[in-house]
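Encoded as structure tokens, the following chain is the form predicted on its own, with no partner shown.
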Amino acid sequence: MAPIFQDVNLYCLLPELVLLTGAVVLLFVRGAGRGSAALPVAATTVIVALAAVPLLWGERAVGFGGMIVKDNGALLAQALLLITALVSFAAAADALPERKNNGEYYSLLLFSLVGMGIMTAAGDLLVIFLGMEILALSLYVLVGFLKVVRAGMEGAVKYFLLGSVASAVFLLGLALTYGATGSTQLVAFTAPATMPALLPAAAVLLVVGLGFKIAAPPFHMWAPDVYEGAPISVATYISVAPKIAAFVVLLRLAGESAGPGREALTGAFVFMSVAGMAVGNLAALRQTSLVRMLAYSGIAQAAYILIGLPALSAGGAAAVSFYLLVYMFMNLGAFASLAHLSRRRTGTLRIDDLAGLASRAPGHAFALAVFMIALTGIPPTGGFFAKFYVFKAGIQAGYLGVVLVAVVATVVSCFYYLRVVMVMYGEEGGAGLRGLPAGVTMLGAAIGVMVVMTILTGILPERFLQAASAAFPLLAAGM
């Protein structure tokens, strides 16, 4: 009997194999997964996996009967995910207490990277689901990793319950796709369907299931509680990494869809975008906790990115890719700044705690101000051009009404983003943060790099946009 897969290609999974090896070492090798040795082993694993990305660039390696397609889009996403993990490691170095099970923490992070790598390179819905579950199971445990923190355990339970529902919804969409096309491969969306009436429902269910990963309505309720209850290093990671992986999958779905499925996808994208902008921005206005404010901010930011998905024919793929790149820099920087400021601090960091920070720690205040200005979308930061390119694609594709809503939502966001800047520079506070870390640390260096890249993407946006276009050439051509 012939084997099921005649084109097994482990080379296309080289970064995932490196990450899997490191995760297993941290789990089962006693010396590597304990105490201070865990972080160097995990960081080395991620750096080696990152070094493997250029080896595959431009090759479009295909394996396992087309179930894995490691093209430039998947490699770009994987590079962003690995960079996100390194920043999260830097935050965890100070946020985690000296515990004997830190090896398990870093191992779970590596397993989640394996899941997202599979998601972004998948050419089949079943493989996407497999990657989603590997990611989800790792994150459920990481959110409640500090078992002594009650808010973290509550957040983990909410995350698990809503995540289970989202997985079931995605699986139902997968089943309907198979019933409509007789296949679970993404290319089946462009082929004539045997039961085309099922395709709209299948497309909507798939998008809703993936919408959980980007905290888009109706599966957005978990984000504030999870971000606030989880260790700050985990919140830093969750705020960016799953969004990147999910948006790459959504880009592929949008690019492969045709006929009734495309119309259903477009409707789902528009609904989630408008609802996310309304929910995220209005809820963020009422927050006093910095982490919860950034959680609702993340819902709004994902809603802006969604505008580019139905506008692939107008350059939406490049706009989405560029936005994800800038979002990684500015949102990672914002959460990393909170991690740096809240070291050795118990309780939730509030906006009022930043009063007078500019006079006591001007470097920290400047970095956080840059990230807030970028998230608002003010030049000369990359956040301005990220929104500009997405809005431009939306207008050219005929979604002027959605873009107008986005512009109004951006104006609303000025009130809570710039409030942070005003508190740091315009108020005096003697009871704010004390005992701020002095000198250069690994996390402080990472924040500095994020500041530079946030500004650089605003000064040279065309260079980064061209790189994003090259990652998704077929989608950029309006496939």
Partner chain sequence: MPFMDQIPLLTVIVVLPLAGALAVLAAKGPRGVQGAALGTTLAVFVLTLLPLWSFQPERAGFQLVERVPWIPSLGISYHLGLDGLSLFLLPLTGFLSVAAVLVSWRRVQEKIKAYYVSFLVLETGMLGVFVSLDAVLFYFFWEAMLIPMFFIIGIWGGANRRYAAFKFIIYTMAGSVFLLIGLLLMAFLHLRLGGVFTFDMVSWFGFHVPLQWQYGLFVLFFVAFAVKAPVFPFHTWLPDAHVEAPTAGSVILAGVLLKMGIYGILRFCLPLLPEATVFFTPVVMALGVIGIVYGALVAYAQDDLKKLVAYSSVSHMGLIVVGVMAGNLAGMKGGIIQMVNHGLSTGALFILVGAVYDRLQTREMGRLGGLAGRTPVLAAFFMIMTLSSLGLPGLNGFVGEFLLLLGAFRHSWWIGVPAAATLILGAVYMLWMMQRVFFATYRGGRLGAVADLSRRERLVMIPLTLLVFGIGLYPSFLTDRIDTVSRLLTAAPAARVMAPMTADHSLAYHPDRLEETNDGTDFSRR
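Every value quoted in this text rests on a predicted model; they were computed, and no experiment measured them. Numbering follows the first chain given and starts at 1.
Just so you know, the form predicted in complex with the partner chain exists too; it's not on screen, but the next bit is about it.
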_Does any part of W57 reach within 4.5 Å of the partner chain in the model of the complex? Heavy atoms only, please._
no
_Whether I47 contacts the partner chain in the model of the complex should be assessed with a 4.5 Å heavy atom distance threshold; does it?_
no
*Is there a non-hydrogen atom of A51 within 4.5 angstroms of a non-hydrogen atom of the partner chain in the model of the complex?*
no
*Should F28 be counted as a contact of the partner chain in the model of the complex, where contact means heavy atoms within 4.5 Å?*
no
_F391, F89, F247, Y105 - the one with a heavy atom within 4.5 Å of the partner chain in the model of the complex_ = F391
*asked:* The chain here is shown without the partner chain. Which stretch in 78-86, 395-403, 231-239, 248-256 comes within 4.5 angstroms of it in the model of the complex, by heavy atom distance?
replied: 395-403
*In sequence order, which positions of 400-419 have a non-hydrogen atom within 4.5 Å of the partner chain in the model of the complex?*
L400, V403, L404, V407, V408, T410, V411, C414, F415, L418, R419
